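The data below hold one chain only, encoded as structure tokens and taken in the form predicted alone.
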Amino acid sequence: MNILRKFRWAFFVFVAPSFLIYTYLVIFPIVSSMAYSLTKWNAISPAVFVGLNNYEALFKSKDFAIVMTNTWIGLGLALVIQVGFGLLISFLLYQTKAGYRAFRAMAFLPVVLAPAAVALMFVLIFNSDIGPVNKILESIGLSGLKRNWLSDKDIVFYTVLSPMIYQFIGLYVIVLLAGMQSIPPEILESSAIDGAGSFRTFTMIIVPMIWDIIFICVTLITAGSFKAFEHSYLMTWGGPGVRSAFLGVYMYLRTFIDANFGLGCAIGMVILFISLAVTMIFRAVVRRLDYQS
């Protein structure tokens, strides 16, 4: 106890400033957004308390149903493709000797590009008049597959989703590769001596040993999917209608275009609570798998 009292000043010097900054930048905005979500407010006139009306209007909205569907589909495809290809590419890099650094840099290169630059690049790629996608389809005799990729309501969502998934695969490749490199080499050497091939080593040893790393990737993908904004907004403004919008874009449109800050805060609360719920579910699944193993 004497030691704790003696160094009590260390709490105020080192912990208290960080706690105050975190409270001001994170806790206070969450609490204030939760309060404003219960009001009707246009950021000019005084806020009027309306209770749960914003949430009721939100869940009755057809546009919100479309946006939620887009977000869940985007999350599912991102988990399957980014984690799946991330594991595959990282395992190939893990086994690569010649050119390892060059291949690793190439895998990570799209991640360091600005999302706005990638979005604008894919706008040109999918342009129905001058874009290379339609030009290539025409040149190989598949003109029937040509589409207005950025305006066809049936495919525009997947057009917008493709650069979002492509750009950040490299991030999870590097994270998963670091996890694989942390596995003691003696374990892999023992499996090789026992006659385990690359496939069995990958599925039976490497993947189970990096479950925690995979969970980190799942958490990052979940958070990214629920706050996705740049690609959708810059490529299509979430249109036509809200066919290619995600929750982040929908929140921006309702908040700043419609000047309905109360509804925008309600959407923000929905994003927060769904993200937390999904993350907790994944965490429970990972703990259960660790327990069974």
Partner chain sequence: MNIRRSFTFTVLGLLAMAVLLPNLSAAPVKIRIAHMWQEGASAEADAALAVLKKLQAAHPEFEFVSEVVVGDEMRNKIRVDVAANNAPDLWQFWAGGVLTDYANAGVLLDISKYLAKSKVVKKADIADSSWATCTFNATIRAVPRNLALGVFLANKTLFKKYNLKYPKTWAEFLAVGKTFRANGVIPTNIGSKGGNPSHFWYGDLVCQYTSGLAGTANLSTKLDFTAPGFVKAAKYCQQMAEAGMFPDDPMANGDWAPSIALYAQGNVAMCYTFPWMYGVFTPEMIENSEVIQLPKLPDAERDPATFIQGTVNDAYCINAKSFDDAKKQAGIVLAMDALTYDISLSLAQMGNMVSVNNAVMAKVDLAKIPNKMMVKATQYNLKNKISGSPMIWQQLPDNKLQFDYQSAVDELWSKSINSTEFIAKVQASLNEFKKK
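Positions refer to the first chain, counted from 1. The shown structure was predicted, so the numbers you read here are calculated from the model rather than taken from an experiment.
Keep in mind that the form predicted together with the partner chain is not shown, yet the notes after this line are about it.
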{"property": "Among the candidates Ala65, Ala259, Ala35, Val26, the residue which, in the predicted bound form, approaches the partner chain to within 4.5 Å (heavy atoms)", "result": "Ala259"}
{"property": "Full three-residue contact with the partner chain in the predicted bound form, heavy atom 4.5 Å, for Arg104, Leu109 and Ala178", "result": "no"}
{"property": "4.5 Å heavy atom contact, Asn42 and the partner chain in the predicted bound form", "result": "yes"}
{"property": "4.5 angstroms heavy atom contact with the partner chain in the predicted bound form for Leu234", "result": "yes"}
{"property": "Exercise: Asn127 in contact with the partner chain in the predicted bound form, heavy atom 4.5 Å", "result": "yes"}
{"property": "Ser190 within 4.5 Å of the partner chain in the predicted bound form, heavy atoms", "result": "no"}
{"property": "Segment assignment from 220 to 228, 236 to 244, 26 to 34, 264 to 272: heavy atom within 4.5 Å of the partner chain in the predicted bound form", "result": "236 to 244"}
